[in-house]
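For reference, the chain that follows is the form predicted on its own, supplied as structure tokens.
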């Protein structure tokens, strides 16, 4: 693993940690590749019973590293970001997320592919794809509507406004909000409890709960096609220019 993705395995639990706190754990393509490899290895390791995803510092992840993303856009189906998505979406064992702070973009959509999510009170969530002239990813246009219903999903995906941990718990995106100094202990306690369960029965139960793998994969592909088209749009050029110039974008001419 690189210094930006750290993996630890202990007592049947594999913990994959985004470790770029100076950038709010923003994910670049190399990090996606490393995380995908770590998740795939955990899937194959019979000693691993549970996967934990978390971040270092006061952020889970601020989403894509925008500069890296623009310089290395995902053009092929085997791009690192898609390898990461499919590795997690198809992970056969329980997955727990410990959301230790801000979770933006894929930092929120990744939670739709976790079985348990625990967050600190200061956690902030946002799905700002439309604000950047993009579209949802990681099958969130499918799964978020299932979690919240189409009206609430439209509100979060089309307005792109941030929401807090209490709201996330109310939406059902978070199992519980726990004090920051208790997050790691809570996550590890749940992970160890799961690791003690009969593993085949646990995997079978997860498979029954997530029996729509083909539909999820198809939606990831559909979103990726539209996402790729959006990357070439004039709207995106204006959104990105405004982001780096620290001003409000002007879409009035489109």
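Owing to the predicted nature of the structure, the values given are computational and were not obtained by experimental measurement. Residue numbers count along the first chain shown, from 1.
Although not depicted, the form predicted together with coenzyme A (COA) is the subject of the following passage.
**Q** Under a 4.5 Å heavy atom criterion, is residue 66 part of the interface with coenzyme A (COA) in the predicted bound form?
**A** Close contact exists here: in the predicted bound form, residue 66 approaches coenzyme A (COA) to within 4.5 Å, heavy atoms only.
**Q** Is there a non-hydrogen atom of residue 17 within 4.5 angstroms of a non-hydrogen atom of coenzyme A (COA) in the predicted bound form?
**A** Residue-level check for residue 17: no, no contact with coenzyme A (COA).
**Q** State yes or no: in the predicted bound form, is some non-hydrogen atom of residue 22 no more than 4.5 angstroms from a non-hydrogen atom of coenzyme A (COA)?
**A** Yes, residue 22 lies within 4.5 Å of coenzyme A (COA) in the predicted bound form.
**Q** Flag residue 73 as yes or no: does it have a non-hydrogen atom within 4.5 angstroms of any non-hydrogen atom of coenzyme A (COA) in the predicted bound form?
**A** Residue-level check for residue 73: no, no contact with coenzyme A (COA).
**Q** Are 5, 33 and 80 jointly within 4.5 Å of coenzyme A (COA) in the predicted bound form, each by at least one heavy atom?
**A** Zero of three within 4.5 Å in the predicted bound form.
**Q** Given a 4.5 Å cut-off on heavy atoms, tell me which of 139 to 147, 102 to 110, 84 to 92, 168 to 176 is the interface stretch with coenzyme A (COA) in the predicted bound form.
**A** Result of the contact check: 102 to 110.
**Q** Considering non-hydrogen atoms and a 4.5 Å limit, which listed residue (114, 120, 157, 132) is close to coenzyme A (COA) in the predicted bound form?
**A** Exactly one residue meets the criterion: 132.
**Q** Taking only heavy atoms into account, state which residues of 233 to 254 are within 4.5 Å of coenzyme A (COA) in the predicted bound form, ordered by sequence.
**A** The stretch touches the partner through 243, 244, 246.
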